[in-house]
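A single chain, nothing else alongside it, follows as structure tokens in the form predicted on its own.
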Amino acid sequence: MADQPGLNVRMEQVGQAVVVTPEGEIAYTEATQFRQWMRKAHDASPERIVVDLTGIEYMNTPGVATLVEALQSAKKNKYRLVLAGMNTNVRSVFEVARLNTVFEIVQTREDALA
């Protein structure tokens, strides 16, 4: 799967979890690619998907919508979706939309895997 110019994504299995690590930004053009990676993580049938957002500088509505879709899939298929490492800008997007009350959000990847 080729990455978009503004987005690079790594995915790895860590125990029973799949860790998706996007880097760059998730705006309109990158959201489609990010959605494909999230579906690939889901297809691995993990107990938990961790999205390590440490490397995300910017995320707008399509990126957030992709994570909302992933959360719906997690609830339907009974696995956990954990977001980790949000910077202040990304966290503020979630807080304004009050999504910080529906997502499991932790400080670090290590916290998400604990």
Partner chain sequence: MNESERREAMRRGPLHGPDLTLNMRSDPRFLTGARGLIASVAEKIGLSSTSCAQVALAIDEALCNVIRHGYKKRSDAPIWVMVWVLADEGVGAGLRIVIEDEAEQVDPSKIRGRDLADVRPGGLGVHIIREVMDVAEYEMRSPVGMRLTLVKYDRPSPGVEPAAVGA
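Positions refer to the first chain, counted from 1. The model shown is predicted, which means the values in this text are computed figures rather than measured ones.
Beyond the structure shown, there is the form predicted together with its partner chain, which is absent from this document and is the topic of what follows.
Chemist: Suppose contact means a heavy atom within 4.5 Å; in the model of the complex, does that hold for all of Thr29, Val68 and Val96 with its partner chain?
Modeler: The answer is yes; Thr29, Val68 and Val96 each reach its partner chain.
Chemist: Is there any non-hydrogen atom of Tyr58 lying within 4.5 Å of its partner chain in the model of the complex?
Modeler: Flag for Tyr58 set to yes.
Chemist: With a 4.5 Å heavy atom cut-off, would you call Val14 a contact of its partner chain in the model of the complex?
Modeler: Looking in the model of the complex, residue contacts with its partner chain do not include Val14, since no heavy atom lies within 4.5 Å.
Chemist: I'd like to know whether Asn89 contacts its partner chain in the model of the complex, with contact meaning heavy atoms within 4.5 angstroms.
Modeler: Asn89 belongs to the contact set for its partner chain.
Chemist: Mark Glu25 yes when one of its heavy atoms lies within 4.5 Å of a heavy atom of its partner chain in the model of the complex, and no otherwise.
Modeler: So Glu25 counts as contacting its partner chain.
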